[in-house]
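In the form predicted on its own, a lone chain appears below as C-alpha cells.
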C-alpha cells in the first residue's frame, strides 16, 4: 500500500501561517492572553495611520493595533451610525466595539486622517463613555520651526492622559527604553523590506504583511523575537526567483486590503518591492535619537525622519515627486495604486499621482478594494492584463 508523503513545513512557513491566523482574529486572542499573564496591565487601541506607541508602552500599557476587522465579521450595527458611502474600516472598527470585542481595552487613540475617522473618534466617545478616547492633533506645516515644539507638547498632553489611566508616570528612562525597543522593531522591519526589494522571491508582500500585522497585536518584546527568527531563516530559504514585473504599491495606508488580494496581485505576476501597508507601525526611516528629551526627539523624528503618507502633509517635497523617486530607487517597472473604496485622501492623491506618473512615463494601474472583499477574479484579470502588457510589449 502506497504511503502519502506530507511536505515538511519549514519554520518560516509555520511563522507566517501563525501570523496569518493572528491577523484574521477579530477577538484579539494574543493580546488577551498577554493581559491575563500580566495582571494589572492594560491595553490601548491604536487606530491607523500613525500612533506614538512608545508613549503607551512607556506608561506600562500594551499598544494594540485596532485596524478594522477585515472580512471576518458582518457589519450589523455600525451601518446605522454612518452613511453608506463611508469606508469599510470605519464601520468594521465600530462594529468591533458594538459587538463587545473591544471591552477589554482601556482606551483608543485616533488622529486626523479624514472626516470619517475624525467622526469615529466622537462616535466612540458617545457610545463608550467609560473608554479613554483621545484624539491626537498632528501638525500640518512642517516648514514652520514651531511644528516640532507644538508636537512635543501634544505628546506631553497624550502622555498625561495615559498616565492617569495606567497609574504609572513614565520617567525619561522609561520613555528612552520604549524608544529603543521600538527602534529595534522598526529597524528589523526595514531590513525585511530591504530584502524584499533586493531579493523579492525570499519573502512575499503577503508574508511581510501578515508578519507586520501580527506585530501590532502583541507585545513589542515578543514581536522583536519573532522578527529575529524570520531574519535568521530568510537568507537560506529554498525558493527560486520567478518571471514577474517589479512594482511599488501605494494607496493602502489606512484600510487594510484582504490578504487574498495581495496574494492575487503576486500570483498575477507582480513582485511588490515596497508598499504602504501598516506604514504607521514602520513610521520612521531611521532610529529615533535617545537622549535627555525623548518627547522632543520623537517630535523631531515625526517631522524629519518619517515616511511619506497620504495623511501626512509635507510641502517640502510633493507626494508625487516622492513616489516617482521611490519607484526609480527600487528599480520598479510600474506603480500599482491600490485604494480603499470611498477613501478620499487616497483617491484625491491618485489624481496628482496619475498626472505625474504619466509625465514620468512610469506605467501604473489603479485598483480599488474593500476590506470585506472575498472574490478577486476581477482584480486578477486586470492585474494579469497589466503584467502581460509590460512583459510582452
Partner chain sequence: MAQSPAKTDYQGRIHNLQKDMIGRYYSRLTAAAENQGEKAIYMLISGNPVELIEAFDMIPVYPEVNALQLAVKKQSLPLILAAEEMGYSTDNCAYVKADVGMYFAGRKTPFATIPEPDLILCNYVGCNVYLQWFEHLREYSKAPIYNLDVPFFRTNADEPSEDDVHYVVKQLEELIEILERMSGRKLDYKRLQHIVELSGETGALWSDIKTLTQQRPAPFDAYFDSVMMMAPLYCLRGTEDGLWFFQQAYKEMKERADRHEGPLPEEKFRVVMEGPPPWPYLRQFRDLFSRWGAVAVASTYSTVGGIWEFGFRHDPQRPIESIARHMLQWNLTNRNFLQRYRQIKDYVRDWNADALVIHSVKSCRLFSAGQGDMREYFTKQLNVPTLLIESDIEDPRYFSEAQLRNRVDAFFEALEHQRMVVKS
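Residue numbers count along the first chain shown, from 1. Small disclaimer: the values here were computed from a predicted structure and weren't measured.
Not pictured, yet referred to below: the form predicted in complex with its partner chain.
Student: Which residue, 303, 72, 112, 184, has a heavy atom that falls within 4.5 Å of its partner chain in the predicted complex?
Tutor: Comparing distances to its partner chain in the predicted complex, the residue within 4.5 Å is 112.
Student: Identify which of 190, 177, 246, 118 has a heavy atom within 4.5 Å of its partner chain in the predicted complex; exactly one of them does.
Tutor: Of the listed residues, the single hit is 118.
Student: Counting only non-hydrogen atoms and a 4.5 Å threshold, tell me whether 80, 139 and 312 all contact its partner chain in the predicted complex.
Tutor: So, yes: the whole triplet contacts its partner chain.
Student: My question is simply whether residue 355 lines the interface with its partner chain in the predicted complex - judged by any non-hydrogen atom within 4.5 Å.
Tutor: Yes, residue 355 lies within 4.5 Å of its partner chain in the predicted complex.
Student: Although the partner isn't part of this model, could you tell me whether residue 126 comes within 4.5 Å of its partner chain in the predicted complex, counting any heavy atom of the residue?
Tutor: Residue 126 belongs to the contact set for its partner chain.
Student: Would residue 154 sit within 4.5 Å of its partner chain in the predicted complex, counting heavy atoms only?
Tutor: Within the cut-off, so yes.
Student: Going by a heavy atom distance of 4.5 Å, is residue 348 a contact of its partner chain in the predicted complex?
Tutor: Yes.
Student: Please determine, with the chain shown alone, which of 263-271, 85-93, 161-169, 279-287 has non-hydrogen atoms within 4.5 Å of its partner chain in the predicted complex.
Tutor: That would be 85-93.
Student: Looking at its partner chain in the predicted complex, which residues in 144-173 have at least one heavy atom within 4.5 Å of it?
Tutor: Result: 144, 145, 146, 147, 150, 153, 154, 157.
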